[in-house]
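Structure 1 and structure 2 below are two forms of the same protein chain, each written out on its own as structure tokens.
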Structure 1
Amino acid sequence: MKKKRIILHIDMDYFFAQVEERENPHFRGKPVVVGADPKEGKGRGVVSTCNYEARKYGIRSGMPISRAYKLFPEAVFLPVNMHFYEKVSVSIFDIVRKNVGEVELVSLDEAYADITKKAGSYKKAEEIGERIRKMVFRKEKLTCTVGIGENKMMAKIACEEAKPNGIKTVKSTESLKFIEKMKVEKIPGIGPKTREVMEKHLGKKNLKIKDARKIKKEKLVDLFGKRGGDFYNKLRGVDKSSVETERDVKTVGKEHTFQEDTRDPQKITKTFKGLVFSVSKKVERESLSTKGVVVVCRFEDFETHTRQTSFPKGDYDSDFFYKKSVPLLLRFLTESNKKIRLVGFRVITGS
């Protein structure tokens, strides 16, 4: 019988803002917002991270910076110091790797590790997680939260439930009951629109996971296509996605926020081409091999999507990157009537 997996998920607590608090102790106890310049409520862009003090005033990550300013203009608004955050992140995940081996980095402050062999039991897994938390705090003076479960989804949900500065283990025998009373949006891929379709089918509002389990698999596939089968499994705590631990994968990119939301294809593509050229020059300067491109699009309602495509690893120029990426950008224009607020371009690199 195949041994059940044990997955560890680690997530730094309000990472950017916490780093700023560490570097500037006088910020502690004050609402701290890291992101775009609010420009007295007229700024464009969004909140990257905010601390828990700021959240008391309704400020959230991903919120328009102008809205955050209006909610509490007396907050400490800081620009994103990405280069410094990256250095801190490298130090943190060096600590994590020393304890669990290779990890799947999701972002600068979040990662997964498959510790099935290393731990062997949930008790040992929790000991590893607690050791990581203590070591990160001792070396970096930053708190983090750890979730442990039988798969990536359950480990992440456990982590979310333990925040901030905590640790939670959900054993495989507890998964079904653990998530049943949670909102259906806890399931990856299920957002407000998907929930509304489910609610309409069931004739029930404020859908919980246990309610959504009443929808038969065939009906979910009928409603949502291939995703429906995935929803069926995840509603029951099943997530077969593996932890990807390729060591040197990273992305290099750039984004642009328009002064005014726009649908002008010429303006959008011209701006996008400039991003591609700029990123290409950086790739050339650093002699990076690339194997994929990612296009980011944020609409007027702040809904953000990415599309990507891969190709054989090699050295490519800006013309190649543009040819590969512009069809992805144009799909955003043709598949939605909404105005565009931001476009971004990234290349996927690796040795």
Structure 2
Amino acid sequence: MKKKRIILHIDMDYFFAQVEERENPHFRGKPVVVGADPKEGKGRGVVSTCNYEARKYGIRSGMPISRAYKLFPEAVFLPVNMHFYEKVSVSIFDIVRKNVGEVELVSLDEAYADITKKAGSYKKAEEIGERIRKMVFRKEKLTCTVGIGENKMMAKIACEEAKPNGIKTVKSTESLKFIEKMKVEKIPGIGPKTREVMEKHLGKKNLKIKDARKIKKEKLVDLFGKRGGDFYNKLRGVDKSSVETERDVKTVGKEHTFQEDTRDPQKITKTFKGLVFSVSKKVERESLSTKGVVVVCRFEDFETHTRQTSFPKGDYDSDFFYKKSVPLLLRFLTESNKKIRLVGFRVITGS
């Protein structure tokens, strides 16, 4: 039998807003909203995130900025300073790697590590988690939350429960009970639509995980296809997906350096399309399954950034890759005024 795993999940607390508070201590204690310009209520765009003071007024990530402004116009509204958060993120995960080795980065503020060998026990795992939290705070003056569990899903749920500035371990023997009273939507992949289908089937509203467990495995597969089998496991705290560190992930890609640095969108997208096309040909030739795309952008000052997005593992064509990656490329253009020196495109192949 395969040995039980111990997975650690770390997620920064109100990340962008906390970084802003650190840089501007006089914002502390006030509601801080990072996102689009509210323009006195007439602004377009959304809230990227906000601190916990702002959350008390009902402000949330993804909400239209105009709505956030209505909820609390006196809040401190700040623009997204992405390059800076990226730099802070690099320092944070360097600290994490020093403690646990390679990690799987999920976003700028979040990562998983498989610490089965390193920890050996839940007690030791929690010590490692606590040490990371202390080091991140000492070196970066930022708080984070750590969750520990027998798999990625349980580690993440533990982390969400312990937020903010906390740590929580859910032992494998506790998983089933720990999640039973939670809403079904806590399960990754179960959204409002899936919930409604389950509710209709059971004839019950406000479905909890415990309720959804009453649906037979065959029925779940009947209703949701392959995903149904996955839901069956996840509703029982079972998630077999492995932590995929940078080293495990194979990528195929291509880059292009412009003769002269440029901000011409037509020139950039045309070049980029060529890269996508050429990488797609290679993917097709080698019959590679892919599960994500990465866009690389190097600016005139050599600052280099990547953005990526993932999708279910499968066989895709260049149109699909382009559709998935071009918005990431355009964000580089809109979020910085610098000229671009190099663009790159990579696919992440399935392991």
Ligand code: TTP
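Heads up, when I say rigid core I mean the largest set of C-alphas that superpose within 1.5 Å between the two forms. Residue positions are counted from 1 along structure 1's sequence. This structure is a prediction, so every number in the text was calculated from the model and none was measured.
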property	result
Answer for which single form is the form predicted together with thymidine-5'-triphosphate	2
Phe332 C-alpha shift between the two structures of 2 Å or more, rigid core reference	yes
Yes/no, Lys217 Cα shift of 2 Å or more between the two structures with rigid core fixed	no
Core-superposed C-alpha of Lys282 shifting 2 Å or more between the two structures	yes
Cα displacement of Tyr322 between the two structures, core-superposed (Å)	4.5
Rigid core fit between the two structures: Cα deviation of Val293 in angstrom	3.6
